[in-house]
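Starting off, we have a lone chain in the form predicted alone, written out as structure tokens.
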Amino acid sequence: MTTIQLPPLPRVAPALTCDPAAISACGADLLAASAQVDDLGTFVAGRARVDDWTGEAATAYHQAIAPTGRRADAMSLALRGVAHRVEEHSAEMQRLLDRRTALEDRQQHLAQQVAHLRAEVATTTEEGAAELQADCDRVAGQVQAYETDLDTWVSDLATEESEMSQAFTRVLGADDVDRIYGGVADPADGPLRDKPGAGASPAEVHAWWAALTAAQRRAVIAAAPGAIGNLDGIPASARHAANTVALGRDLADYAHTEDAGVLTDDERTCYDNALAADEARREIEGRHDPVTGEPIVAQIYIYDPAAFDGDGAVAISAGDLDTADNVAVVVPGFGTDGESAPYQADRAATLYESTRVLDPSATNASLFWIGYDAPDNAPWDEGYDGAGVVTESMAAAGGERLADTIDGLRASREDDPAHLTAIGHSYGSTTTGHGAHDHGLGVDDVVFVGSPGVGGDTDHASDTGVDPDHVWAGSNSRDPIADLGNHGWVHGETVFGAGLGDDPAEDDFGAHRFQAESTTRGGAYSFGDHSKYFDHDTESLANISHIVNGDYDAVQEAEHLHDPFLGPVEDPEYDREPTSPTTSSLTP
């Protein structure tokens, strides 16, 4: 009887338990620590020095603090180096995990083949022995190739673990840090000296950034995150990296100050804004793309917790602003400040989900933009900031900032432009109107929803500088805020000295009005309806999403409001039965 030489069973890959996301978070913490220590070095070299102080005591003081600055600079570089290596380790461990998964699949498949061949040995005939041996030899070759790949994987894993360990151990002691990094120039210094000055255009900023090496960019992000985190013209991925460092540094600083019991009122305000920004980022990252099932990418595009006298500035996207086919910038209105970031993040993520559901073939990013000083409290509350809601001054200032943001998005993607839509809600529509009329928004579409008026100088859709065929208005018939704009000849800013301009849903304005009723709408006047424009499965969200995607034929248009002349304004949408389009999950 012919003896069949069977292939060996393939070895099982060793277990590998790790969390690349947690490793990456550790790297982010190390970068934040590096920024903290870098701040100390900058302080020693700057504000800690007393230039007008002379004499023996001054000399002794300056000599005494100099080593502290040197050690801080060296420690910052050491932490930065380890942080970058940790980030590389996170990526490599993910690759190793993916390779192990592929090896595991191969091992199971080969083990099944070996088991099948062993079963065949018992029943094979002399005539079938040669063919069976050929199958065994073929599988044996596959097992050998698998074993070679497995050995390579085990070796690569050991090498990566060893190199990561060495990256830590080489700077464990202060003497080691000083020996390796003491007196070494920060690679961020040169690029920062060459950075375009205040007033530079986003295009000039983008050209400066593009000319830097990858190492220089990493250095700038770690050493001076505030220098680029909010700088228009810098790509969103780099701004996100810088603002992540700044946010991590602030959270650590404020938490330490709070624990020490010396947190001032201003610091408490900034801390609350930082916590809100962190919660907003986590809100987006905790949601999943309805098409791929993967977590939604969040990018911190603006972060300044002290902006606007403590109201704070923050803008975070759901989706990748650098690569998305369609980008929406959502401008919120009254009641918006840094602490409202989690609420706005929910809206941005919801809009992202809807755009993906309604057009799975396109990639999207939705940016909530708290980048201006919006009226955020009632006139009788502290600060009287809310009084601005009856005038256009805060909207005018915000419109300029919005135009700068749009210019920055355009400049950073000059070679791969996105379809860009600005969406102004409530007082944010007034801000958006001013941005378009006063400064020109480089957008493809403008959407006004729940608008109390789009600015006193914007009398027609053509005044936005955008093709009127791409100016849109959504107005819930029960929304009392949307009823505040000018109708016909009645202009609040001229008759009463207050008011926010024309209602974009009126026929004379010349915009496309789309259906925006809610199936849960209230009675004749329901302030709750003012906040439903971004709710899932609503007419408004579906139509906004179609506009963002550029699917204009899918937009359900509504009949305009008409000049009331001397009579009351009657909304033709009031008696129409609302529909409930699906925007929250993929339909079969």
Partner chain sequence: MEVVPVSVGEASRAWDEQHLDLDAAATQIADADTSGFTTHVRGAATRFLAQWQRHAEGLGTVSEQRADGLRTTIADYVTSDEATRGDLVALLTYTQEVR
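Predicted model, so just to flag it, every value in this text is computed and none were measured. Residue numbers count along the first chain shown, from 1.
Heads up, the form predicted in complex with its partner chain isn't pictured, but that's what we're talking about next.
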| query | finding |
| --- | --- |
| Heavy atom of residue 56 within 4.5 Å of its partner chain in the predicted complex | yes |
| Partner contact for residue 165 in the predicted complex: its partner chain, 4.5 angstroms, heavy atom | yes |
| Contact of residue 552 with its partner chain in the predicted complex (heavy atom, 4.5 Å) | no |
| Contact label in the predicted complex: residue 320 to its partner chain, heavy atom within 4.5 Å | no |
| Residue (of 154, 207, 306, 174) lying close to its partner chain in the predicted complex, criterion heavy atoms within 4.5 Å | 174 |
| One residue of 219, 75, 114, 420 in contact with its partner chain, assessed in the predicted complex (non-hydrogen atom, 4.5 angstroms) | 75 |
| Segment that reaches its partner chain in the predicted complex - one of 517 to 525, 531 to 539, 544 to 552, 24 to 32, heavy atoms within 4.5 Å | 24 to 32 |
| Residues from 74 to 111 in contact with its partner chain (non-hydrogen atom within 4.5 Å) in the predicted complex | 75, 78, 79, 82, 86, 89, 93 |
